[in-house]
Structure formats: structure tokens, C-alpha cells
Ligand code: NDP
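Only one chain comes next, encoded as C-alpha cells, the form predicted on its own.
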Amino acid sequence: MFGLIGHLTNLEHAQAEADKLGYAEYAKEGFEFWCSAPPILVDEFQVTSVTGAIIHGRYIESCFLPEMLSSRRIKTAIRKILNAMALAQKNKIDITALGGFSSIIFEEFNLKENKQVRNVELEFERFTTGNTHTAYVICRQVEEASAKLGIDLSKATVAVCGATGDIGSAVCRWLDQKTDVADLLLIARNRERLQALQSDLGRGKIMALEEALPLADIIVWVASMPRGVEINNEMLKKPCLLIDGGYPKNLGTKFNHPDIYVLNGGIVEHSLDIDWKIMEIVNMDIPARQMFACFAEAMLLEFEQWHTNFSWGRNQITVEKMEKIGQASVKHGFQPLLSF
């Protein structure tokens, strides 16, 4: 059995969707209540591969809200993720994906030092961040969407915003090794990490965001938007492909130009319907088939019986592992989202 740990985008979203998730009593509760609310197992479903294999999954709502980070409730956020992981393990789930901010919190605050959660000793091999599959899907979106738009990668400049992160660095490695992309622009806050990535790649130009964006034919955005930064139509090349790999997806609302194409990054479509409610709640266009690639990674690991933390640790994703999970993705009927 596989599991998915997720959360909603903000307090208002959580209150609006509480009834659909099966805990209507939470709908009128405020932020302080949500800070103390325990994780809840809210959905059970099955997924069928195009090979005919059938697996069973469970979704755990962590009751974490992104506001807990901005309001400096760091200990609360940590507790939410650890408690959700403990609940997954108590339910004997073999492999569970940490969706959204869950994996970021785990990595940023070094939660591997917190193995004991009350009476549960966490077995980290039961969990995956899903970042390898996410990075693979984003790279395939770059390749396939650019071809669809007539952007020649051998002449294109690709800017990666969040280049030193787990997903961003993996995207850079793939573009360097698996494509003939003309130029890579590396954007991130930490200069030392940027220089290490540049050295590892043996290429790439380190640039500030405002300097890089006007030069890019393709922008891969896998970082949070810096405060005070405004991006408008006039700043970008035409045509420009912008892949929004963040969560929640919001870059599409910032542009209104026929030659700026915004694609929801790290989203896959399954070939067969899934009878679940969670993707409708996060407003997928085709909720029975579309999902976050990190969630799909848990499904792929269950289909293949690879019960291991396939994606784990900062900047450990290799091109070889991306190819491996990519082959499993194709085998079981998943395709990168390509609709603008």
C-alpha cells in the first residue's frame, strides 16, 4: 500500500474544503485551532496501471498550513509533518510521498534527527519526497513543450529559478547531460551553493533574477517568489515558455500575453481514471487523472515494489535515477502535463 501526505494552500482554502475532506467541524475554526489539529486519514482509493496492475492508496491530510511558516510557527510545522508520517506508519503504509511543503520542511529543518514520535520510531525508508519524479517530469515538459512552441533548445537560453534546490539542481543536471540546450542561467539566493552547482556542471551563468529573466527563452521556476519582486509581460522574451514548478501554482495569473506560455510544472496525467477526491480539492483541471508528480512517485514505487526512500536528502538526485523513475512512469501510463 502507498500513502500520500499533503496539505491545503492556506487557512481559507482549508476551511472551504474541510467538509469535502470529511471533517466539517473544522470549517469554522481559526488559525489557532488548525495549529493544534492532528493529521487525518481522509481518503482511500485504488490506482490501475496500463499494465493491469492494481494498487491501493491512502491520503493523509497533515493539517499543516503555509501560514505556519510565515507566522514563525516553525515548531508547529515540524510537529505536523512528523505526526503525519507517524500516522502513515501506524497504518502500515509501505511507501508514502511527502507532498507540497512537507518534504521542504523535512529537509530544511533536518527532521531525520527526530526519529521518535511519541510511541512510533519512524522508519525513513517508508517515505519519499517524490522530487526525482517531479524533476524528471519538469525536464520532459521543457523538452516537449519547447518543441510544441517551436523553441529550438540548441539555440535556447534556459533560466532555472531555484537552481540550487533539490529539484532545481536535478533539472540543471538533466538539461546539461541529456539535452543540447545552448545556455543555462542559474538563479538562487545562496551564492556559495550557486558556485558549487556551477562547478559541478562545468557550465552555467550565475545571475540575479531581474538580470536573467529578459534573456531567457524558457524559465523553470522551482522557488518561492522573492518579496517585493514584480514580473510583468514586458520583462520577458516573446515567445517565452514559463514552467511553474512551485506550490501553489500561481504564475499563470501574473501574465496576460499571447506569446507567454505558462505551464503547470511537475504535474502528470494518468491514462486511467482514479476515483478520489483530493485532486478536485486542489483544483486540477482533470482531477480524476491529473496529479502532482511527487504523489505519482509513491504510486510508481508501489507498482514496482521499490519500497525505499527513492528520493531522499538534499541534492542527491542523479540523472540515472531520473531515467529509472521516468521509465517506470511511462510503463504505468503517466504522461507530463502539456496543456497551457
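As the structure is a prediction and not an experimental result, all values here were calculated from the model. The first residue of the sequence shown is number 1, and the count goes up from there.
The discussion below concerns the form predicted together with the ligand, not included here.
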Name the stretch, out of 119-127, 99-107, 75-83, 176-184, where some heavy atom lies within 4.5 Å of the ligand in the model of the complex.
-> 99-107
Answer for Phe303 alone: is it within 4.5 Å of the ligand in the model of the complex, judged on heavy atom distances?
-> no
Heavy atom to heavy atom, is Ser146 within 4.5 Å of the ligand in the model of the complex?
-> no
Wondering, does Gly246 line up within 4.5 Å of the ligand in the model of the complex on heavy atoms?
-> yes
Is the gap between Gln89 and the ligand in the model of the complex 4.5 Å or less for some heavy atom pair?
-> no
Please pick, from Ala188, Val262, Ala156, Cys139, the one residue with any non-hydrogen atom lying within 4.5 angstroms of the ligand in the model of the complex.
-> Ala188
Sequence-ordered list of residues in 116-136 near the ligand in the model of the complex, where near means a heavy atom within 4.5 Å | Asn131, Thr134
Working note: in the model of the complex the C-alpha atoms of Asn250 and Gly168, off by 3 Å or more, come closer
